[in-house]
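For reference, the chain that follows is the form predicted on its own, supplied as structure tokens.
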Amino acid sequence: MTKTNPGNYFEDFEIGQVIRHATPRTIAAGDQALYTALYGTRFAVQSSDAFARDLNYAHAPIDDLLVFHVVFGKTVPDISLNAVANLGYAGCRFLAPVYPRDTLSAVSEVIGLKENSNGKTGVVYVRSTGYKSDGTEVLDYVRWVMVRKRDAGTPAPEPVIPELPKALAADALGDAVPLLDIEAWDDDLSGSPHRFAAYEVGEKIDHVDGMTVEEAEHQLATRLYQNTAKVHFNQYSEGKGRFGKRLVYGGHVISLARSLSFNGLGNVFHIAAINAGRHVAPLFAGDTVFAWSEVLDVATLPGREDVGALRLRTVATKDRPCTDFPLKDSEGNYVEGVILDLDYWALIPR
């Protein structure tokens, strides 16, 4: 018997299977600092203890996407170590704030399986939940990932494709933001004068700036999350694969797009939910990422006079500035250069 973990292949998964993932992770202030160094995120609530405390936080919370990536990273050795690609997300809710010194762990349940027509891979759907050490749920989400088969001759399981919500209702968002003293919100310090009432459905915002991804940088980021997927690290194996080089972790693209969105959405301080996300095309080191956003909906929240919710679609591109808001062609196909299409709810002061 081998003592090493080869990872699960498509035929190792079963509907209803529950996996408790290894290595709980205590989040330190240094993790947040490194995350900031990697992406240049500038949202004031996550950047400043003083700003956050004035609003009624205990202190600056950990960036929402850092929480997502750490929980995601716990799942990789069991779910996607043998992945070809992570394909998408749905129904993701951020349920409670996470602070430095909180410890996170994760559990996943297999909720869908479908073999691909080539017989060499299949799609695995899992619902993953992140917890603090006291049992508080901080995050839950569904993702689907294309996983290699160990043996192409293994019979295909009966396909099960879960029914997933296209979007969460605004009143279903989590409680990760305490009731804020919104009078203490300082637009000068937050970097934007634009609050909830300033945004309209259908409005499009070119975030203008671009960031080039470096090889060491995306690998350092992915190691920060203890994500062990081979496609991001092993040039020996990936050099023989479809692209001939390592893929940038899809979450890296999401964090880059989120950081770029500060220019135009500077007061949109908290991601409350991810309705849907699709990695349209791969990103590689040396590519430059740009982003634009569209306001899909605006909503007030029950019992909240301090913040409102914006439903946003943020699109990331590679080596293509977004002055013309690139997305799809007349036939509904994504145009060249689009790499991410992300639909999410985010909170902003009223």
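Remember, it's a predicted structure, so these values are computed and weren't measured experimentally. Residue numbers here begin at 1 and follow the sequence given.
Form predicted in complex with another copy of the chain: not shown, discussed below.
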| property | result |
| --- | --- |
| Contact flag, W292 vs another copy of the chain in the model of the complex, heavy atom cut 4.5 Å | no |
| 4.5 Å heavy atom contact, Q226 and another copy of the chain in the model of the complex | yes |
| Touches another copy of the chain in the model of the complex: L87 (any heavy atom, 4.5 Å) | no |
| Another copy of the chain contact in the model of the complex: G91, any heavy atom under 4.5 Å | no |
| Options 175-183, 226-234, 138-146, 119-127; stretch whose heavy atom lies within 4.5 Å of another copy of the chain in the model of the complex | 226-234 |
| 4.5 Å heavy atom contact with another copy of the chain in the model of the complex for all of P157, D297 and K328 | no |
| Contacting member of R246, H270, H279, R258, with respect to another copy of the chain in the model of the complex [4.5 Å, heavy atom] | R246 |
| Within 32-67, the residues that have a heavy atom no more than 4.5 Å from another copy of the chain in the model of the complex | A33, L34, T36, A37, L38, Y39, G40, T41, R42, F43, A44, S47, S48, D49, A50, F51 |
